[in-house]
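The chain that follows stands alone, in the form predicted on its own, written as structure tokens.
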């Protein structure tokens, strides 16, 4: 074996169907079409079928995973623009309180509150964060981390919108099947919508702002206005998640701004692999069921949960999705040295 190691080395090769680019392929048979289509179709079909299989508690876990997935997707979208946020709970909380207030005081149904909360939460998020879009890196992240905590203390001190007691007995979804499939379909639409948007001309400008904002400014493009637009898009997606969960729980309180809604989406994106959106979606589908399956262990659950997360990040710094994608599109062989 030592002789083999001395004269041969492992070489990684692209499969014959792949040509130079991640989006350019040479297709010559139906088998190769299936090779490209299956990785995209199988996850979609699986998610659409899962509500029919999972009942009761685990059906609710699927809904939670989709909502955390929306927060992870919005985080990944902002990161693609160079805005590293630790305040996804800000988006979630805005959507939750807008929907909860409309439902509690005006007795509006989810069909009305969800679109209003989605757009309203996006506008509030963009307006509140627009003064700090000039900040970069950790400074922007620190502001987004502190704002949800500030809003929690303001609600507690002033007693607005229920204060520390929150608002309860909100209008629920009339049909559990409709609400479950609404969560799944919205999650899939945002996943493929973000992937399409970031590869269009608009998304390429956003990625260019992340890579070299000075060069984009020299092309007479207002990068701060583009960042505000990105904040609105990400804020609207996160606000939908908050509004949905408000009607799902039939309650809204200060916990809508909890740190969990900021940390778990970041962890999901880190675990799955940032920059692809599919990685953030995959990470949320792993972390949320894992967290719920370990709930019976009590305090030990957090230790095991953190251990799994740290181990995966250390062993796969590129993320699970990048690793799976690389293994799917490439194969390894031994070649003779010299």
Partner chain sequence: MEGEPLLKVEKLRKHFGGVTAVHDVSFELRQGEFLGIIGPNGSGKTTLVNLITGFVKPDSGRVTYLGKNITGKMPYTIAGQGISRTFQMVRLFYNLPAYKNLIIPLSSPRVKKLRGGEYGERDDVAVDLLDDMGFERDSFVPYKMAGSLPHGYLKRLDLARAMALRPNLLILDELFSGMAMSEVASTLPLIEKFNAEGLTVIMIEHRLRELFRVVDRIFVLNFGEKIAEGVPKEVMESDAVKNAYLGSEIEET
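Numbering follows the first chain given and starts at 1. Quick caveat: nothing in here was measured; it's all calculated off a predicted structure.
We do not show the form predicted in complex with its partner chain, though everything after this point is about it.
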Response to the item:
For its partner chain in the predicted complex, the stretch among 259 to 267, 204 to 212, 239 to 247, 84 to 92 with residues bearing a heavy atom within 4.5 Å is 204 to 212
Worksheet entry | is_contact(residue 219, its partner chain) in the predicted complex, heavy atom dist at most 4.5 Å | yes
Discussion item. Under a 4.5 Å heavy atom criterion, is residue 223 part of the interface with its partner chain in the predicted complex?
Written reply: yes
Discussion item. Since only the chain is shown here, I'm wondering whether residue 134 would be in contact with its partner chain in the predicted complex (any heavy atom pair within 4.5 Å).
Written reply: yes
